[in-house]
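Before any questions on how it binds or moves, here is one chain, the form predicted on its own, in structure tokens.
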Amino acid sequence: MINKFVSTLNEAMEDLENGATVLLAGFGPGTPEHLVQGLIASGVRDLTLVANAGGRDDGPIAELLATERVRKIICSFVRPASVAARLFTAGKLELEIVPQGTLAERIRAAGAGIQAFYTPTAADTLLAEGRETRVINGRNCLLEYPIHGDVALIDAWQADRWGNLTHKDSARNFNPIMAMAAKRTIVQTSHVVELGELPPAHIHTPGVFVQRVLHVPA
């Protein structure tokens, strides 16, 4: 019988490795805060973190960065008054800024098996310096590559034992595409439903992309 639920946070986070690329979902709502605490407690280091934003001076991303176990962060922006900004200024954190739409598409491309794509976004900016560009339909376009993850940390509103997920409202954001782009997807869900209870059209992330689910009651 397929049952992807685990009983404890330690079980959900076991086998994490140093040097991993971690896809962390969330854009305001949808950040799996409980799993971030598990990541911190695991002690893994030399991580590459992929997240929509570099975080504020508090919250789960800031807490993770403050451990100084993240080597590099790939994100769409960093607030000047943030842990990430201070670590970068001090030379303790590598920073790769990617426009938000491009970041989402690079992650989606990894899950879809796309090897590279061209986009006009940022093609005529500092972000394109030293990189391949090509004129397509009269517009200068920048070559971008997919972002693959070793682990994705995902938030869900509902989950069944096969790992089928729904995400509530705007919490859907990066969760489905990050699940598709990672070798291992770990989920925290607010609610557990019986197998078959989720209408197929309402399944936002199919269980085929999920390996472990932890129930964290809302």
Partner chain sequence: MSDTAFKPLDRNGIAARIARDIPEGWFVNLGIGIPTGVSDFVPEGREVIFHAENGVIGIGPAPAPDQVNPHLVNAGVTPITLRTGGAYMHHADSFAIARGGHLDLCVLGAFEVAENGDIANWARSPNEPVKQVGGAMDLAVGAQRLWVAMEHNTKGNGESRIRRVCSYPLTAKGVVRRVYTDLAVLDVTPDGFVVLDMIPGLTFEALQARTEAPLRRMPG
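Because the structure is predicted, anything quoted here is derived from the model rather than measured. Positions refer to the first chain, counted from 1.
The following text describes the form predicted together with its partner chain, which does not appear among the structures shown.
Would you say all of F5, G43 and L49 touch its partner chain in the predicted complex, counting a heavy atom within 4.5 Å as a touch? Not one of the three qualifies.
Even though its partner chain is not shown here, does P176 get within 4.5 Å of it in the predicted complex, heavy atoms only? Taking the distances in the predicted complex, the answer for P176 is yes, it comes within 4.5 Å of its partner chain.
4.5 Å heavy atom contact, A66 and its partner chain in the predicted complex: Taking the distances in the predicted complex, the answer for A66 is no, it never comes within 4.5 Å of its partner chain.
How about G91 - does it come within 4.5 Å of its partner chain in the predicted complex, if we only consider non-hydrogen atoms? Residue-level check for G91: no, no contact with its partner chain.
How about A85: is it within 4.5 Å of its partner chain in the predicted complex, going by heavy atoms? Judged by the heavy-atom cut-off of 4.5 Å, A85 is in contact with its partner chain in the predicted complex.
Go through 163-180 residue by residue and record those having a heavy atom within 4.5 Å of its partner chain in the predicted complex; state none if no residue qualifies. Residues within 4.5 Å: N164, K168, D169, S170, A171, R172, N173, F174, P176, I177, M180.
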